[in-house]
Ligand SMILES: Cc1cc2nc3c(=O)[nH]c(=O)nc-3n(C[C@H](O)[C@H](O)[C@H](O)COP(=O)(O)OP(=O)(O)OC[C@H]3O[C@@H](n4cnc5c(N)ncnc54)[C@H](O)[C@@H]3O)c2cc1C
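Read the single chain below, which is given as structure tokens and is the form predicted on its own.
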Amino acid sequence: MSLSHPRATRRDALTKLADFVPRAGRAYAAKRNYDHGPADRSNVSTLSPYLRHRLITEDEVVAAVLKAHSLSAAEKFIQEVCWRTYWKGWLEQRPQVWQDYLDARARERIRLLDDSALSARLEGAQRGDTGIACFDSWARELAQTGYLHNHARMWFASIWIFTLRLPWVLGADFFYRHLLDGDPASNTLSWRWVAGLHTKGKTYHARADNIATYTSGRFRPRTEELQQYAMPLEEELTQAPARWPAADNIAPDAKVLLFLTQEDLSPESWPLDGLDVAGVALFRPADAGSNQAPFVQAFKTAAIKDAGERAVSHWNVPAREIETAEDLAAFARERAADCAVTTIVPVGLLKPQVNTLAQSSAALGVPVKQIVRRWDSLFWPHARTGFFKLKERIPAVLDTLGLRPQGTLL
């Protein structure tokens, strides 16, 4: 099994995108569900780590695809891009679901201290030592490569929950700690969907015949190895959707610092509307990612470094690493900046850290203003219920964004 990990640069992301575009149409639709293993990912894009941190953006990926394919031919791939947008928009409007997940994870971690049998089963699953060949192979693949095919992620989660009877929140945590594209919204809500919590009563059931078919026979689990019925988990969910965050007002002649976080590392395409950029602050919380695999932390570190270097070159201004509000305020005074500007930091582990810094920074006279990308502002309002509502709006939103098919289409 290859232990190599992708390089966390925008240049590498664009190279990978250009390589994938010819396969993004009907070939992708026909072959995308097959998991050929880590040695062959030619049927999928593997762009997710780059999209996760916006080293490339959703709209530029879709624009590149629509230069080569009609909307109908590329429909399946574009929908997959929009699934990530849906998860993020849905969680932005229900932040309590994220907090409930954190609370449940904390309770399960405490339970592990007193339940040695559960702890042993958990360790065996994470180590890839359950006796279920496909599951064990995926566990090792994830821990070594930081990636799993989307279909394998669903099979894995289903087996974890329904066959191994392990807490779903600990499975989501295992994924988040090891996935290079680990995203609080996509990861947490996908696990909830498999468990029957996102769409109430609707689970994803891993079946032996389905696994054999879509791994092209690499794995052939016996029917009796897997739980035959996937009974949905239950919970009380009463939170109504809130409004997604709005952009802050920024004076059109403001002198600003760009405040870069791991959430959006393509500052060249931020909607800055001609603001005077005076410097680039790279936010690296002292404890950020401390519980994640070293290669995940390394990817994020390299991605932020790459974004900082590009921003310095683009605006011809200095960059500085920031850990505290005092660091940010000192940099702002040095550069005579009125405020710092960042794109909205979505619900997740980073958000409270940014909010805390922003509150302290504002008290020191340097507010942190948040702006919103048009992609998010146009799609997120349609992420209030199920994916179908957003899905049916995709053509209209793409048209509003000016993303129309071009040239000779496949």
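Numbers follow the displayed sequence, beginning with 1. Everything numeric here is computed off the predicted structure, so don't read it as measured data.
If you look for the form predicted in complex with this ligand, you will not find it shown, but the lines that follow are about it.
- A single residue from the set F135, F259, F299, W191 has any heavy atom within 4.5 angstroms of this ligand in the predicted bound form; that residue is W191.
- Among the residues A278, L148, L91, L170, the one placing a heavy atom within 4.5 Å of this ligand in the predicted bound form is L148.
- Between 80-88, 335-343, 207-215, 228-236, the stretch whose residues reach within 4.5 angstroms of this ligand in the predicted bound form through a non-hydrogen atom is 80-88.
- Not one of P267, L282 and V366 is positioned with any heavy atom within 4.5 Å of this ligand in the predicted bound form.
- Taking the partner from the other structure, this ligand in the predicted bound form has no heavy atom within 4.5 Å of any heavy atom of S360.
- In the predicted bound form, this ligand lies within 4.5 Å of some heavy atom of D181.
- At a distance threshold of 4.5 angstroms between non-hydrogen atoms, L47 is in contact with this ligand in the predicted bound form.
- In the predicted bound form, A157 approaches this ligand with a heavy atom inside 4.5 Å.
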